[in-house]
Ligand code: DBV
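Before any questions on how it binds or moves, here is one chain, the form predicted alone, in structure tokens.
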Amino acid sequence: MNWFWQPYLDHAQQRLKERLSTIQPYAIPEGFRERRAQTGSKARPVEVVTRSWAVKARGIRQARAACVAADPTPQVLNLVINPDHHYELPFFGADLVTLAGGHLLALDLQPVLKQDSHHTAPVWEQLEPIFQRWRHRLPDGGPIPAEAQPYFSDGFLWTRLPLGETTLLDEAVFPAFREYLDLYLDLVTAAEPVSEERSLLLFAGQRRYTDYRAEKDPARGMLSRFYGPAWTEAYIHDFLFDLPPHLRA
């Protein structure tokens, strides 16, 4: 089965290997590495496959991808890099979603502590020129809910494209994806451990972000239709957003 977003995941995996000398596998709970189901009608069934991938490294608690593929849709890559709370780092988030109505595409370096300029200013100084370079090439995806705004940066790149659009995907979306990821890896490689007091604040911010994302995960309905609510809730809480409820060293 062809998966539309494979080049993006291939690129991310290669760049993490190239840039992070401490990279190693991250444990994926049993039953989540691959799951298959049938969708469509009885007369014309369609197989849908969900695959998972994850690694960790110095500065990164978990870098993981959730990949959904059916022919022709949905086609989804949800790639999130969760920072280690001992380092002053944002989250990396890429949502690349192809549905029957078109492509929904989002990129961001998402703040852990949005109102804390010590946390956000150094990232924004480097992200702004990248964001400005690509935002003018892509149609705006529309407003995001007020409740979601604390979890996105000023460099949130969000667009919608029709299914037949290939030029902007090749000439804007993929280059933007590469630049956002490379900046994130620059931040990771330069990061130094923070104080214990600061790590407590960062962990609390990560906890808020993770709880919000788990509660509002837009894939919940789709995954539940394919695999049932029990598996879906376990997948969301035990893999996609698996930050421990309490601080650990």
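Bear in mind that the values here come from a model prediction, so they are computed numbers and not experimental data. In case it trips you up, residue 1 is the first one in the sequence shown, and so on.
The protein also exists as the form predicted together with ligand DBV; that form is not presented, and the subsequent description refers to it.
At a distance of at most 4.5 angstroms from ligand DBV in the predicted bound form, all three residues Phe152, Trp158 and Arg213 contribute at least one non-hydrogen atom.
Interface residue among Ala54, Met222, Ala57, Leu202, judged by heavy atoms within 4.5 Å of ligand DBV in the predicted bound form: Met222. A single residue from the set Ala106, Leu168, Leu113, Ala176 has any heavy atom within 4.5 angstroms of ligand DBV in the predicted bound form; that residue is Ala106.
Contact check for Ala66: a heavy atom falls within 4.5 Å of ligand DBV in the predicted bound form. Although the partner is absent from this view, Leu16 stays clear of ligand DBV in the predicted bound form, with no non-hydrogen atom inside 4.5 angstroms. When contacts are judged by a 4.5 Å heavy atom cut-off, Val97 counts as touching ligand DBV in the predicted bound form. Under a 4.5 angstroms non-hydrogen atom cutoff, ligand DBV in the predicted bound form has Phe241 among its neighbouring residues. Stretch 87 to 95 is the contacting one of 87 to 95, 115 to 123, 131 to 139, 168 to 176, since its residues have non-hydrogen atoms within 4.5 Å of ligand DBV in the predicted bound form. Contacts between 195 to 218 and ligand DBV, taken as any heavy atom within 4.5 Å in the predicted bound form, involve Arg213, Asp217, Pro218.
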